[in-house]
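Just one chain is shown here, as structure tokens, and it is the form predicted on its own.
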């Protein structure tokens, strides 16, 4: 595919959601963060970069009618109008560029095409959320290089924390600005014998956002309705709104206000995040 005809302005924020180990909740975070940003009035695109086994379509309840593979084989130059032709739209207004429907189609997505997509997307959207596969693949490295922000997702277990630490060290070797990294700890209240102090000792930093366990989260995934929509007053939903608030440059309190507004009926003070509860 040819390079874009023009050089669009890179005004939008590119948020790379990363987790060296599978099963940490990257896709869950990407989808709920995207919905939270859209509810905050941002124009959002999610790109599913797990090119062989992407799950963004399932998490958002979208049929894979158009995918990145269709864009790759369409030929011609890429601009915002053409990109729009190949995205799916969620009810919240979030646009989604889905991963190929079959693993064998992944090879059609070249690094050059990916870089073009990121340039055009950032010129078109306020936020571009890239949901990545485990590990530092070529696609992941290219996205990290182009990103303005990075969300590192880990869980409260020794294997995940070890790999999260290695991931942070790898980002350091890539000279990635640590001030642009947001640490997210998923299933943060699981009782597995690892304390918050242990997490800080292992990672060398305190997570920015704690996402609590919630039995409604697996149900929301199975139903294709993000928990920010299905249970907007829950602590889990508030945590995703907190992350969105951080990324748009707002305080945690403002992130909670967005969550309350999204529910339309939350009582004052009810949507406090687990992060704030732990700080008391």
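What you see is a predicted model, and the numbers here were worked out from it, not measured in a lab. Residue numbers count along the first chain shown, from 1.
We do not show the form predicted together with a small molecule, though everything after this point is about it.
Under a 4.5 Å heavy atom criterion, is residue 62 part of the interface with the small molecule in the predicted bound form?
No, residue 62 is distant from the partner.
Is residue 211 close to the small molecule in the predicted bound form, meaning a heavy atom pair under 4.5 Å apart or at it?
Result yes; residue 211 sits at the interface with the small molecule in the predicted bound form.
Test of understanding: in the predicted bound form, would residue 225 fall inside 4.5 Å of the small molecule by heavy atoms?
Residue-level check for residue 225: no, no contact with the small molecule.
So, residue 160 and the small molecule: in the predicted bound form, are they within 4.5 Å at any heavy atom pair?
Residue 160: no, not in contact with the small molecule in the predicted bound form.
Since exactly one of 45, 217, 38, 51 fits, which has a heavy atom within 4.5 Å of the small molecule in the predicted bound form?
Contact with the small molecule in the predicted bound form is made by 217 alone.
Which one of 57, 221, 229, 246 is close to the small molecule in the predicted bound form, taking close to mean a heavy atom within 4.5 Å?
Of 57, 221, 229, 246, the residue with a heavy atom within 4.5 Å of the small molecule in the predicted bound form is 221.
Can you pick the stretch from 100 to 108, 181 to 189, 162 to 170, 67 to 75 whose heavy atoms fall within 4.5 Å of the small molecule in the predicted bound form?
Only one stretch passes the 4.5 Å heavy-atom test: 181 to 189.
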